[in-house]
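Coming up is one lone chain in structure tokens, specifically the form predicted alone.
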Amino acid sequence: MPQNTARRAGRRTTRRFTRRDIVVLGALLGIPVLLDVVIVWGPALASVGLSFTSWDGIGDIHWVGGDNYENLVQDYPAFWPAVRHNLLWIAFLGLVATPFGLLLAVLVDRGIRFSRFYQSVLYMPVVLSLAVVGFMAQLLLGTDQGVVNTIIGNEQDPVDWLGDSSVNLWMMMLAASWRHVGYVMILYLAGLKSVDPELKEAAAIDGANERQTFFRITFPTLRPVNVVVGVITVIEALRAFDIVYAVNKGRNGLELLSVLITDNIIGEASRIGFGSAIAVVLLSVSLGFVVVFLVQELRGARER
């Protein structure tokens, strides 16, 4: 009997896939991979190649080497302000909006009264696109019967929240944070629900207060969620396009790399090679942040 059982187990482990299994696996794995290559990596690699050329989208493609990057750095006035605004956007979402979303998640997780209602209200902005958020910002912050200027009584001499280059970027970051906070809150709330209550009870028995328990027990346990939130924050900051384009087409203090890419590739200039160079810069910045963040998190996980 033991020999027969061993033979059956061996037969089960050496079972080969049928032709139908291979076709199903090939379809389930091959189609998503093919779509990913065609839609994501194909255009990305094409942009890298086109960034070394001069092309208007119609005529012949001419190789120019690194001239596009040289002109971008030295002779394109909007480039450095756009880089600075993108980095400021990352810092604002990462240092202000994300911690605030974590704070809301902790408060909701404690089971405060009407927590379900607060959770729904705070998550509601996530379903809105950034373009819709931009239109709502115009209604709230506009000089022509804007809600904010009406409330503070500046109808005769209204503050130009969206036209003044010294404040409009901060207003747009606040509007984008309103949407980002709800997303972060849901992610952290899901992570907090998975924390083992026995760890908190053990910390309380050892004499740890709530702050010590959170920073020494709960927050380290949320490391996988921190990775996801960090990557999402960088991506959200670098792809911020619709909200500023809906307000003033990304000009007068709202210059972003994504806006410059659009203006050069599909604008009147139709400088596809030059716009591709800006896209490669944006890709490099995003990959740089994401790779460094992931390496640090994985290294910390190994040390633990």
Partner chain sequence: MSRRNVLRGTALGAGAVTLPALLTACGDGPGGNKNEVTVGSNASDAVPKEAFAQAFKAYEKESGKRVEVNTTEHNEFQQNITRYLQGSPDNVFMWFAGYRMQYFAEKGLLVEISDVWKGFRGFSKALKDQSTHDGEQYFVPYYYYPWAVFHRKSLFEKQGYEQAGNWDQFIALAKRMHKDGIPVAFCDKDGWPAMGTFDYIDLRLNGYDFHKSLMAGEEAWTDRKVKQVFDLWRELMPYYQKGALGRTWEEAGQGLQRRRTGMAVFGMPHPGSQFPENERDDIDFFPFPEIDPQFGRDAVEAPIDGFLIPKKSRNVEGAKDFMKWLGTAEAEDAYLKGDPNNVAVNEDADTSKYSPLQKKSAALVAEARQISQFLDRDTRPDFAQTVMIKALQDFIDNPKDVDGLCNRIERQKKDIFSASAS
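Because the structure is predicted, anything quoted here is derived from the model rather than measured. Residue numbers count along the first chain shown, from 1.
As for the form predicted together with the partner chain, it is not shown, yet the points below apply to it.
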Notebook entry, point to check: Does residue 128 reach the partner chain in the model of the complex, with heavy atoms at most 4.5 Å apart?
Noted result: no
Next item on the list: Indicate whether residue 163 is a 4.5 Å heavy atom neighbour of the partner chain in the model of the complex.
Entry: yes
Margin query: Please tell me whether any heavy atom belonging to residue 153 falls inside 4.5 Å of a heavy atom of the partner chain, as the geometry stands in the model of the complex.
Written below: no
Checklist line | Any non-hydrogen atom of residue 267 within 4.5 angstroms of the partner chain in the model of the complex | finding: yes
Check: So which of 214, 100, 76, 123 reaches within 4.5 angstroms of the partner chain in the model of the complex, heavy atom to heavy atom?
Finding: 76
Notebook entry, point to check: Which pick from 34, 46, 28, 58 sits with a heavy atom within 4.5 Å of the partner chain in the model of the complex?
Noted result: 58
Notebook entry, point to check: Of the listed stretches (190-198, 204-212, 102-110, 142-150), which one has a non-hydrogen atom within 4.5 Å of the partner chain in the model of the complex?
Noted result: 142-150
